[in-house]
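A single chain comes next, written as C-alpha coordinates; it is the form predicted alone.
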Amino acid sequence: MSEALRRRLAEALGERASRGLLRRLRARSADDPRVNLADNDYLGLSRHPEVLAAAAEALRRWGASASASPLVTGYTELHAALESALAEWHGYPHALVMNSGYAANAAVLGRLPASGDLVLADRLVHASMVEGILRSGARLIRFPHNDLDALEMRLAEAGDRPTFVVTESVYSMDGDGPDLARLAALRDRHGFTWVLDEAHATGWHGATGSGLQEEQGVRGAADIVVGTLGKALGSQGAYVLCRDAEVRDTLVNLAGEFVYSTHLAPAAAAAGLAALGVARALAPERPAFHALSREWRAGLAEAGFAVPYGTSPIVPLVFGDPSAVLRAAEALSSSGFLVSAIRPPTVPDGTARLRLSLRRGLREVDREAFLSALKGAVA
(Lines give C-alpha, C1' and ligand atoms only; values in the text may rest on other atoms or scores of the structure.)
Protein backbone atom coordinates (compact mmCIF):
# COMPACT_ATOMS: atom_id res chain seq x y z
CA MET A 1 0.00 0.00 0.00
CA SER A 2 1.06 3.60 -0.30
CA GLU A 3 3.35 5.14 2.30
CA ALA A 4 0.79 7.91 2.89
CA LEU A 5 -1.89 5.37 3.79
CA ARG A 6 0.45 3.36 6.00
CA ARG A 7 1.46 6.52 7.86
CA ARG A 8 -2.15 7.61 8.30
CA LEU A 9 -3.14 4.23 9.75
CA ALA A 10 -0.12 4.15 12.05
CA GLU A 11 -0.87 7.63 13.37
CA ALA A 12 -4.49 6.75 14.08
CA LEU A 13 -3.49 3.57 15.91
CA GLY A 14 -0.81 5.43 17.84
CA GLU A 15 -3.35 8.01 18.96
CA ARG A 16 -5.63 5.24 20.25
CA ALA A 17 -2.73 3.61 22.07
CA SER A 18 -1.82 6.91 23.79
CA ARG A 19 -5.35 7.07 25.20
CA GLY A 20 -5.35 3.47 26.43
CA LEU A 21 -7.90 2.50 23.76
CA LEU A 22 -5.91 0.22 21.45
CA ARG A 23 -7.56 -3.16 20.97
CA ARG A 24 -5.70 -6.41 20.38
CA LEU A 25 -6.82 -9.98 19.74
CA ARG A 26 -5.93 -12.65 22.26
CA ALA A 27 -6.51 -16.30 21.38
CA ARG A 28 -8.26 -18.23 24.15
CA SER A 29 -7.53 -21.92 24.68
CA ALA A 30 -10.30 -24.50 24.97
CA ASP A 31 -9.09 -25.54 28.43
CA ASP A 32 -8.62 -22.05 29.88
CA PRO A 33 -8.78 -22.64 33.67
CA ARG A 34 -9.93 -19.14 34.62
CA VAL A 35 -13.45 -18.49 35.92
CA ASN A 36 -15.14 -16.97 32.91
CA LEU A 37 -16.95 -13.72 33.76
CA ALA A 38 -16.49 -12.25 30.29
CA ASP A 39 -18.53 -14.09 27.68
CA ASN A 40 -22.30 -14.22 27.17
CA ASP A 41 -22.89 -17.95 27.63
CA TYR A 42 -25.09 -17.11 30.61
CA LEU A 43 -26.68 -20.56 30.93
CA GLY A 44 -23.62 -22.59 29.93
CA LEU A 45 -25.53 -24.10 27.01
CA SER A 46 -22.65 -23.93 24.53
CA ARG A 47 -21.32 -27.11 26.18
CA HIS A 48 -24.64 -28.69 27.16
CA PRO A 49 -24.79 -32.36 26.08
CA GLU A 50 -28.13 -31.98 24.26
CA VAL A 51 -26.89 -28.92 22.36
CA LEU A 52 -23.62 -30.61 21.38
CA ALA A 53 -25.43 -33.76 20.28
CA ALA A 54 -27.82 -31.80 18.08
CA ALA A 55 -24.95 -29.91 16.46
CA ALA A 56 -22.98 -33.13 15.89
CA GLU A 57 -25.95 -34.84 14.25
CA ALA A 58 -26.51 -31.82 11.98
CA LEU A 59 -22.83 -31.89 10.99
CA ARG A 60 -23.16 -35.51 9.98
CA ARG A 61 -26.38 -34.97 8.07
CA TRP A 62 -25.89 -31.54 6.50
CA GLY A 63 -22.14 -30.94 6.53
CA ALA A 64 -20.16 -28.08 8.01
CA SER A 65 -21.67 -25.25 5.95
CA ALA A 66 -24.99 -24.07 4.53
CA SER A 67 -22.87 -23.63 1.38
CA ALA A 68 -25.05 -20.92 -0.18
CA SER A 69 -27.12 -17.87 0.58
CA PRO A 70 -30.61 -18.60 1.93
CA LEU A 71 -32.38 -17.69 -1.32
CA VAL A 72 -30.29 -20.26 -3.20
CA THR A 73 -29.96 -23.49 -1.17
CA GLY A 74 -28.72 -22.25 2.22
CA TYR A 75 -32.16 -22.23 3.87
CA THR A 76 -32.77 -25.75 5.21
CA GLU A 77 -35.49 -27.60 7.08
CA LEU A 78 -33.48 -26.94 10.25
CA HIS A 79 -33.66 -23.18 9.74
CA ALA A 80 -37.40 -23.35 9.11
CA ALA A 81 -37.98 -25.49 12.22
CA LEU A 82 -35.89 -23.11 14.31
CA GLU A 83 -37.89 -20.11 13.07
CA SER A 84 -41.18 -21.80 13.96
CA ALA A 85 -39.94 -22.66 17.45
CA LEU A 86 -38.58 -19.15 18.08
CA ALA A 87 -41.81 -17.50 16.92
CA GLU A 88 -43.91 -19.69 19.19
CA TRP A 89 -41.59 -19.16 22.15
CA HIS A 90 -41.73 -15.39 21.94
CA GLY A 91 -45.37 -15.10 20.87
CA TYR A 92 -44.98 -13.85 17.28
CA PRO A 93 -46.38 -15.24 14.03
CA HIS A 94 -43.21 -14.69 11.98
CA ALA A 95 -39.48 -15.23 12.49
CA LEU A 96 -36.39 -15.00 10.30
CA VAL A 97 -33.01 -16.46 11.19
CA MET A 98 -29.97 -14.35 10.31
CA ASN A 99 -26.22 -14.77 10.64
CA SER A 100 -25.55 -12.36 13.52
CA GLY A 101 -27.22 -9.88 15.83
CA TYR A 102 -25.25 -7.07 14.22
CA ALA A 103 -26.55 -8.04 10.79
CA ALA A 104 -30.11 -8.41 12.08
CA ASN A 105 -30.22 -4.99 13.75
CA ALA A 106 -28.54 -3.26 10.83
CA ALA A 107 -30.92 -4.92 8.37
CA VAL A 108 -34.10 -4.10 10.29
CA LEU A 109 -33.19 -0.48 10.91
CA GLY A 110 -31.47 0.05 7.58
CA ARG A 111 -34.41 -1.20 5.51
CA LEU A 112 -37.64 -0.41 7.39
CA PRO A 113 -37.25 3.31 8.23
CA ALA A 114 -36.94 5.61 5.22
CA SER A 115 -36.02 9.21 4.42
CA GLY A 116 -38.57 11.50 6.05
CA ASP A 117 -39.29 9.09 8.92
CA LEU A 118 -38.33 9.78 12.53
CA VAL A 119 -36.37 7.34 14.71
CA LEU A 120 -36.27 7.92 18.46
CA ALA A 121 -33.54 5.74 19.94
CA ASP A 122 -32.27 5.29 23.47
CA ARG A 123 -28.87 6.94 23.88
CA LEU A 124 -27.22 3.58 24.63
CA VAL A 125 -28.64 1.32 21.91
CA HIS A 126 -26.13 -0.97 20.25
CA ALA A 127 -23.84 0.29 17.49
CA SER A 128 -25.52 -2.08 15.02
CA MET A 129 -28.81 -0.28 15.55
CA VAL A 130 -27.24 3.13 15.05
CA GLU A 131 -25.50 1.97 11.87
CA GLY A 132 -28.77 0.77 10.40
CA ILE A 133 -30.63 3.96 11.31
CA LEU A 134 -27.97 6.20 9.78
CA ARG A 135 -27.98 4.15 6.60
CA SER A 136 -31.77 4.39 6.30
CA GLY A 137 -31.77 8.16 5.79
CA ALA A 138 -34.39 8.66 8.52
CA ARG A 139 -33.97 11.45 11.06
CA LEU A 140 -32.39 10.12 14.25
CA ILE A 141 -33.04 11.66 17.67
CA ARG A 142 -31.51 9.96 20.71
CA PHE A 143 -33.26 10.33 24.06
CA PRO A 144 -31.54 9.99 27.48
CA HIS A 145 -30.98 6.42 28.60
CA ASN A 146 -34.16 4.75 29.88
CA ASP A 147 -35.84 8.17 30.22
CA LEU A 148 -39.36 7.43 29.04
CA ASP A 149 -40.57 10.89 30.12
CA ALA A 150 -38.13 12.39 27.59
CA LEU A 151 -39.30 9.88 25.00
CA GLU A 152 -42.93 10.82 25.61
CA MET A 153 -42.12 14.49 25.08
CA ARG A 154 -40.44 13.65 21.75
CA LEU A 155 -43.43 11.57 20.70
CA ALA A 156 -45.77 14.47 21.38
CA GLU A 157 -43.71 16.54 18.94
CA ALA A 158 -43.40 13.84 16.26
CA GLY A 159 -46.48 14.73 14.24
CA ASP A 160 -48.00 12.34 11.70
CA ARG A 161 -44.84 11.08 10.00
CA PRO A 162 -43.88 7.40 10.42
CA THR A 163 -42.04 7.10 13.73
CA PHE A 164 -39.89 4.31 15.13
CA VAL A 165 -38.85 3.84 18.77
CA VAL A 166 -35.70 1.76 19.28
CA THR A 167 -34.72 0.26 22.63
CA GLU A 168 -33.13 -2.78 24.19
CA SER A 169 -34.67 -4.82 26.99
CA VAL A 170 -31.35 -5.45 28.78
CA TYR A 171 -28.50 -3.15 27.76
CA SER A 172 -25.31 -5.01 26.99
CA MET A 173 -22.88 -2.76 28.85
CA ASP A 174 -25.07 -1.62 31.77
CA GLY A 175 -27.30 -4.60 32.45
CA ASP A 176 -30.34 -2.40 32.99
CA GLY A 177 -33.47 -1.81 30.96
CA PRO A 178 -36.60 0.28 30.52
CA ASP A 179 -40.18 -0.22 31.71
CA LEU A 180 -41.47 -2.31 28.82
CA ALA A 181 -45.08 -2.13 29.98
CA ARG A 182 -44.95 1.65 29.79
CA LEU A 183 -43.32 1.47 26.37
CA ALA A 184 -46.14 -0.80 25.22
CA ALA A 185 -48.70 1.70 26.51
CA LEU A 186 -46.89 4.56 24.76
CA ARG A 187 -46.91 2.61 21.52
CA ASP A 188 -50.66 1.99 21.81
CA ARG A 189 -51.22 5.70 22.43
CA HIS A 190 -48.89 7.14 19.80
CA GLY A 191 -48.89 4.46 17.11
CA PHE A 192 -45.14 4.26 16.54
CA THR A 193 -43.28 1.14 15.39
CA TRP A 194 -41.37 -0.33 18.32
CA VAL A 195 -38.11 -2.19 17.61
CA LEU A 196 -36.78 -4.06 20.65
CA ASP A 197 -33.47 -5.90 21.04
CA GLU A 198 -33.95 -8.79 23.52
CA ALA A 199 -30.48 -10.30 22.97
CA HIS A 200 -29.24 -10.12 26.56
CA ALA A 201 -32.58 -10.97 28.20
CA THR A 202 -33.28 -14.16 26.27
CA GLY A 203 -32.80 -17.27 28.39
CA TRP A 204 -32.28 -15.37 31.65
CA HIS A 205 -35.60 -13.51 31.97
CA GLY A 206 -39.20 -14.64 31.71
CA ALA A 207 -40.99 -17.72 33.02
CA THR A 208 -40.02 -19.73 29.94
CA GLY A 209 -36.87 -17.70 29.30
CA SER A 210 -38.14 -15.83 26.25
CA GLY A 211 -37.05 -12.46 27.64
CA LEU A 212 -38.03 -9.34 29.50
CA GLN A 213 -41.28 -8.83 27.60
CA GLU A 214 -42.49 -12.11 29.08
CA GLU A 215 -41.18 -11.22 32.54
CA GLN A 216 -42.87 -7.81 32.56
CA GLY A 217 -46.20 -9.16 31.32
CA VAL A 218 -46.11 -7.72 27.80
CA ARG A 219 -45.13 -10.81 25.80
CA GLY A 220 -45.29 -10.06 22.08
CA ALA A 221 -45.90 -6.33 22.58
CA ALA A 222 -43.05 -4.89 20.51
CA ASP A 223 -43.69 -4.73 16.77
CA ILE A 224 -40.27 -6.13 15.89
CA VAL A 225 -37.86 -8.04 18.14
CA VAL A 226 -34.24 -8.92 17.46
CA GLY A 227 -32.89 -11.86 19.43
CA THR A 228 -29.72 -13.90 19.41
CA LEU A 229 -28.70 -17.54 19.39
CA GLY A 230 -25.13 -16.70 20.40
CA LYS A 231 -25.56 -15.64 24.00
CA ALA A 232 -27.68 -17.55 26.52
CA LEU A 233 -28.67 -20.08 23.84
CA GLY A 234 -25.02 -21.01 23.40
CA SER A 235 -25.02 -21.31 19.61
CA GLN A 236 -24.43 -18.75 16.85
CA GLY A 237 -26.59 -16.44 14.79
CA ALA A 238 -29.63 -14.28 15.43
CA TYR A 239 -33.28 -13.85 14.51
CA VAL A 240 -35.95 -11.26 13.82
CA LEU A 241 -39.50 -11.64 15.11
CA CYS A 242 -42.45 -9.67 13.78
CA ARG A 243 -46.23 -9.58 13.74
CA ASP A 244 -46.54 -8.49 10.12
CA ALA A 245 -45.50 -10.72 7.23
CA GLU A 246 -44.49 -7.64 5.23
CA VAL A 247 -41.58 -7.07 7.61
CA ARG A 248 -40.16 -10.55 7.09
CA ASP A 249 -40.77 -10.41 3.34
CA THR A 250 -38.99 -7.04 3.10
CA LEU A 251 -35.91 -8.44 4.83
CA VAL A 252 -35.93 -11.56 2.67
CA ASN A 253 -36.11 -9.45 -0.49
CA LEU A 254 -34.11 -6.32 0.32
CA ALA A 255 -31.75 -6.84 3.27
CA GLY A 256 -28.27 -7.40 1.83
CA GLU A 257 -27.16 -8.92 5.13
CA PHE A 258 -29.63 -11.75 4.45
CA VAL A 259 -29.68 -11.96 0.65
CA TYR A 260 -25.97 -11.96 -0.10
CA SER A 261 -24.39 -13.99 2.72
CA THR A 262 -23.88 -17.72 3.00
CA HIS A 263 -26.54 -18.69 5.52
CA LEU A 264 -26.03 -19.79 9.11
CA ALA A 265 -24.45 -23.26 9.29
CA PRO A 266 -27.05 -26.01 9.83
CA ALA A 267 -25.15 -27.20 12.91
CA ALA A 268 -25.61 -23.77 14.50
CA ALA A 269 -29.34 -23.85 13.69
CA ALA A 270 -29.65 -27.32 15.21
CA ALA A 271 -27.73 -26.26 18.31
CA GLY A 272 -29.98 -23.23 18.70
CA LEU A 273 -33.11 -25.34 18.39
CA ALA A 274 -31.87 -27.79 21.03
CA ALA A 275 -30.78 -24.95 23.32
CA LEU A 276 -34.21 -23.37 23.10
CA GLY A 277 -35.72 -26.55 24.49
CA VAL A 278 -33.16 -26.73 27.28
CA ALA A 279 -33.68 -23.06 28.17
CA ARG A 280 -37.42 -23.56 28.47
CA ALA A 281 -36.88 -26.59 30.71
CA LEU A 282 -34.77 -24.46 33.08
CA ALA A 283 -37.88 -22.58 34.23
CA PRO A 284 -37.63 -23.90 37.83
CA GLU A 285 -34.06 -22.57 38.05
CA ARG A 286 -34.75 -19.10 36.68
CA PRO A 287 -35.46 -17.48 40.10
CA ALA A 288 -32.04 -18.73 41.19
CA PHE A 289 -30.41 -16.88 38.28
CA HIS A 290 -31.92 -13.63 39.52
CA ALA A 291 -30.91 -14.39 43.10
CA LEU A 292 -27.36 -14.98 41.89
CA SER A 293 -27.32 -11.53 40.28
CA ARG A 294 -28.64 -9.86 43.44
CA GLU A 295 -26.07 -11.67 45.59
CA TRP A 296 -23.13 -10.61 43.42
CA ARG A 297 -24.35 -7.03 43.32
CA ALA A 298 -24.83 -6.99 47.10
CA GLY A 299 -21.36 -8.43 47.66
CA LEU A 300 -19.79 -5.83 45.37
CA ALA A 301 -21.67 -3.02 47.12
CA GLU A 302 -20.63 -4.27 50.56
CA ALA A 303 -17.02 -4.29 49.33
CA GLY A 304 -17.35 -0.62 48.42
CA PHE A 305 -17.98 -0.82 44.67
CA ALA A 306 -20.79 1.16 43.07
CA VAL A 307 -23.06 -1.21 41.15
CA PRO A 308 -26.61 -0.68 39.92
CA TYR A 309 -29.48 -2.69 41.33
CA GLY A 310 -30.86 -5.37 39.05
CA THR A 311 -31.29 -9.05 38.28
CA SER A 312 -29.71 -9.30 34.83
CA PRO A 313 -26.48 -11.27 34.28
CA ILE A 314 -24.56 -8.10 33.33
CA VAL A 315 -22.91 -6.12 36.14
CA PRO A 316 -20.83 -3.04 35.25
CA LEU A 317 -17.98 -1.77 37.42
CA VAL A 318 -17.26 1.72 36.11
CA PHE A 319 -13.68 2.99 36.58
CA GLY A 320 -13.64 5.86 34.10
CA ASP A 321 -9.96 5.68 33.17
CA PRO A 322 -9.25 3.15 30.37
CA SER A 323 -5.73 2.39 31.58
CA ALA A 324 -6.99 1.65 35.10
CA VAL A 325 -9.57 -0.76 33.70
CA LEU A 326 -6.91 -2.59 31.69
CA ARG A 327 -4.68 -2.91 34.75
CA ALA A 328 -7.56 -4.26 36.85
CA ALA A 329 -8.50 -6.80 34.18
CA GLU A 330 -4.89 -8.03 33.95
CA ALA A 331 -4.64 -8.35 37.73
CA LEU A 332 -7.89 -10.31 37.87
CA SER A 333 -6.67 -12.56 35.07
CA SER A 334 -3.56 -13.35 37.08
CA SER A 335 -5.87 -14.26 39.97
CA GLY A 336 -7.85 -16.70 37.84
CA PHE A 337 -10.76 -14.58 36.58
CA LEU A 338 -11.49 -13.71 32.96
CA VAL A 339 -13.22 -10.31 32.90
CA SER A 340 -13.85 -7.90 30.03
CA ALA A 341 -12.25 -4.46 30.07
CA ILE A 342 -14.69 -2.27 28.12
CA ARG A 343 -13.47 1.10 26.83
CA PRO A 344 -14.73 3.88 24.55
CA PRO A 345 -16.13 3.98 21.95
CA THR A 346 -18.00 0.84 23.04
CA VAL A 347 -19.11 2.86 26.08
CA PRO A 348 -19.27 6.67 26.43
CA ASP A 349 -16.11 8.63 27.23
CA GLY A 350 -15.32 8.63 30.93
CA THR A 351 -17.17 5.35 31.61
CA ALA A 352 -14.57 2.65 30.90
CA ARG A 353 -15.49 -0.36 32.96
CA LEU A 354 -15.13 -3.96 33.89
CA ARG A 355 -18.16 -5.82 32.55
CA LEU A 356 -19.04 -8.88 34.62
CA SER A 357 -21.07 -11.56 32.87
CA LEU A 358 -22.63 -13.85 35.43
CA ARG A 359 -23.52 -17.40 34.54
CA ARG A 360 -25.48 -20.36 35.78
CA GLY A 361 -23.38 -22.53 38.08
CA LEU A 362 -21.31 -19.83 39.76
CA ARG A 363 -20.76 -20.70 43.42
CA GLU A 364 -20.50 -18.65 46.58
CA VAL A 365 -16.79 -19.56 46.77
CA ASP A 366 -16.33 -18.04 43.28
CA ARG A 367 -17.95 -14.81 44.41
CA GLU A 368 -15.85 -14.53 47.56
CA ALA A 369 -12.64 -15.28 45.69
CA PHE A 370 -13.50 -12.74 43.03
CA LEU A 371 -14.24 -10.03 45.59
CA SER A 372 -10.91 -10.68 47.28
CA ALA A 373 -9.09 -10.54 43.94
CA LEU A 374 -10.93 -7.37 42.91
CA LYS A 375 -9.94 -5.58 46.11
CA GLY A 376 -6.31 -6.50 45.42
CA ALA A 377 -6.58 -5.38 41.81
CA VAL A 378 -7.69 -1.86 42.70
CA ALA A 379 -5.62 -1.41 45.84
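Just count from 1 along the sequence shown to find any residue number. Remember, predicted model here, so these are calculated numbers, not experimental data.
The form predicted together with a small molecule exists for this protein as well; it is not shown, and the discussion that follows is about that form.
With the partner left out here, the small molecule still marks one of 164-172, 80-88, 203-211, 298-306 in the predicted complex; by a 4.5 Å heavy atom cut-off that stretch is 164-172. Within this chain, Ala199 lines the site of the small molecule in the predicted complex, having a heavy atom no more than 4.5 Å away. Though the partner is left out of this view, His263 does not reach within 4.5 Å of the small molecule in the predicted complex, counting heavy atoms only. The small molecule is not drawn, but in the predicted complex it has no heavy atom within 4.5 Å of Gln216. Residue contact with the small molecule in the predicted complex: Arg248 places no heavy atom within 4.5 Å of it. Three-residue candidate spot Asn105, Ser128 and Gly237; every residue lies within 4.5 angstroms of the small molecule in the predicted complex by at least one non-hydrogen atom.
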